[in-house]
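Coming up is one lone chain in structure tokens, specifically the form predicted alone.
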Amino acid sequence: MNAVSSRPILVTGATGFTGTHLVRALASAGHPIRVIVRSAAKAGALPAGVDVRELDITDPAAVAAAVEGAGTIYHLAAAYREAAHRDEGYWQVNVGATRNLLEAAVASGVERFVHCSTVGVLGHIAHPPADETTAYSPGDIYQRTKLEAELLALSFGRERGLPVAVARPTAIYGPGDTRLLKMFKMIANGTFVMLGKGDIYYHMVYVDDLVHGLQLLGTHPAAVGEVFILGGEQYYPLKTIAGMIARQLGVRPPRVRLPAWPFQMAGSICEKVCVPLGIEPPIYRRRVDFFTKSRAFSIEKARRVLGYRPQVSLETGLRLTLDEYLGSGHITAGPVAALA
């Protein structure tokens, strides 16, 4: 490993789910931390002593000032799928802001730039598992702009000499995550409906394992110039994951299954009508994609090159996530008491 730099570590997307966990881990290791946030009011969950810079990440001058003096950058900020985001918004944040950071990193002599991409740049995995050599196949504007940003970061490494490493996380979950909450709730109350057979693969990564992987990309000499898929130890069919959640909840696994194609059609129509009006569609194509597009990946490269070893099994991670849902009141005890 490289020696620890005394220069601050800069994290974008620091108030997001993964960003918050990453900042806490870095701060607990004694690193000086600087973060770029859209709203300083949302930085209250970050550790004391973090240098909070509230700014617009699409503003090149503001970004350059925030980057000055930083030693390592972890770039996690992104525009995610929301009705309020038009296509140009994805390009401005996911590509334009990434360019701003890369240019500032070169000018400031940053020692390592860790760019957080997504396995979504590979799209549906028809022949699992996919790895870092699998052809790109982005399926929507979010994935296309994340792909452009990934390629841009790699080009700065090749052409400008910036020490870049790219992470492609699988589906991130853990305590504090809200993306799985709806699925937990629906399985708990018996309203979860499986679209299709549930035999497509889904690959998850517990947030602490991902944070460890990101730190490896930020410190390991062999990470420079490379792309790494960071996932859990194993991927599972979606119906198996739903069954695991049901067991954790102490309820029967979901049994209702419906064909996916009518919902895909409805999602397409809803998006065409709602998105131009800035209205959140009642159903998205991507929500149907959750049931129809297989996502299974090999983490062998990260294991072999970086020594990446996920520590939290899916069964354990789901239990820890459920415990937090219960403790925060997102899910009431109910049937879970049967497991006590």
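Residue numbers run from 1 along the displayed sequence. Only a predicted model underlies this, so the values are computations on that prediction, with no experimental measurement involved.
What comes next is about the form predicted in complex with a small molecule, which is not displayed.
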Report the residue, out of 235, 206, 156, 142, that has at least one non-hydrogen atom within 4.5 angstroms of the small molecule in the predicted bound form. 142
Could you work out which of 118, 248, 100, 240 is the residue within 4.5 angstroms of the small molecule in the predicted bound form, going by heavy atoms? 118
Determine which one of 192-200, 158-166, 218-226, 172-180 lies within 4.5 Å of the small molecule in the predicted bound form, judging by heavy atom distances; exactly one does. 172-180
Does the 4.5 Å heavy atom contact test between residue 76 and the small molecule in the predicted bound form come out positive? yes
Taking the small molecule as it sits in the predicted bound form, is residue 321 in contact with it (heavy atom to heavy atom, 4.5 Å or less)? no
So in the predicted bound form, does residue 38 come within 4.5 Å of the small molecule, heavy atom to heavy atom? yes
Taking the shortest heavy atom distance, is residue 112 within 4.5 Å of the small molecule in the predicted bound form? no
